[in-house]
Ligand SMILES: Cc1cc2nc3c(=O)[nH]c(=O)nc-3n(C[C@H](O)[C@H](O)[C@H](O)COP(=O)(O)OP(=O)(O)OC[C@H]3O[C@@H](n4cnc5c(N)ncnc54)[C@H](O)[C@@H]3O)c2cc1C
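Take a look at this single chain in structure tokens; it is the form predicted on its own.
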């Protein structure tokens, strides 16, 4: 029986354990270790006076199917709920007011001309520059570039400042001047290569989809971009934990060192004991993994440390509906960086997903920190709660005190996919492959979203289970 040790009990570690069981069955003996007192990592949900509060991610994207597939495998399909339809899904705080994002925007590129032309978010010179995108020649090389460089080159500076940059701050907690386009939005790279223009590519792909559905005699199906679980994403963690058959689960346990001796990995624990493993999965932040790898492979440790992490925080606030003057006809707003506000975004959680607040109440979630404002997120919880209320007063006109606030701080919790990230990950994977039975999992590599983390863990589980020394469950 192969002894597998998984370091890290977030979604990556839990998914790796689950799929190892699925693929290898009783041929593996799994130990999971985490320094925290609970499983789930940044996935954490809380109940407060009938409000459902998310401390970390609140949903997962449906275009990548690993999240949905795992929920279905765990029997959670009936608990899935999609993001609600909204008149204006996203607003942008710019020039001292909230502007609805023009209808039909595909992240940073317009797909519908009339709503775009009517919008007051972008000036007329800015609109003209975005419209000229079809005339901008395509790049002729494959070098990675920053998202800021790409948007500025193809759509202009105003599209970057008022659309792309605030969206990236909300999605990736990132500085667009350093964010890798190839690692975050490869489809835009592909569109430029294939069509020579984002706008041309979007229109042609949209036309092709309509043609397919017209031939099928059915309208295009509406599928929400994001889904979550009715009781919060903690349901996913709890369901995974209930299905795992671990030989050992160690929480509140620190790993001091990892070495390789006589063909096995030796994990030294803070309590003084040691555990041996044939295979080891590092499902921890890259900088944590780097410390353990230093003595075993200093080159890999150096690469791992080169992945930058930034601090963020979320502040959830519950209000009576009559105390919120905004119509809340969307999912929330993002903030343009040049506005010099102390928050990066605000999600109208009870509008984005049903069953998040009791009748007559509203749940809002404010985001602070990220690559351009880390110091704000590193303040004490009381200070963060005050900042959130001040910002909601300035942006949404909310003068009433909230019924409650709930703060979650994530110190150095968000990996940054900077220019050259894909090449860096390829180098790290190549270095890791030199050590038989060593695997790198987590948000630092192929994608920070829940489906990305799950998918990488699936691949690791498949790789381990496919080894000749392990009899796969399907073959039994």
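Positions refer to the first chain, counted from 1. The shown structure was predicted, so the numbers you read here are calculated from the model rather than taken from an experiment.
Not on display, but discussed next: the form predicted together with this ligand.
- The stretch from 195 to 203, 354 to 362, 276 to 284, 176 to 184 that comes within 4.5 Å of this ligand in the predicted complex, counting heavy atoms only, is 276 to 284.
- With respect to this ligand in the predicted complex, the three residues 9, 58 and 312 uniformly fall within 4.5 angstroms at the level of their nearest heavy atom.
- The partner is absent here, but in the predicted complex a heavy atom of 288, alone among 385, 288, 98, 249, sits within 4.5 Å of this ligand.
- A single residue from the set 426, 46, 49, 36 has any heavy atom within 4.5 angstroms of this ligand in the predicted complex; that residue is 36.
- Although the partner is absent from this view, residue 437 stays clear of this ligand in the predicted complex, with no non-hydrogen atom inside 4.5 angstroms.
- Residue contact check for residue 451: one or more of its heavy atoms lie within 4.5 Å of this ligand in the predicted complex.
- Taking the partner from elsewhere, residue 292 is found to have a heavy atom lying within 4.5 Å of this ligand in the predicted complex.
- In the predicted complex, at least one heavy atom of residue 443 sits within 4.5 Å of a heavy atom of this ligand.
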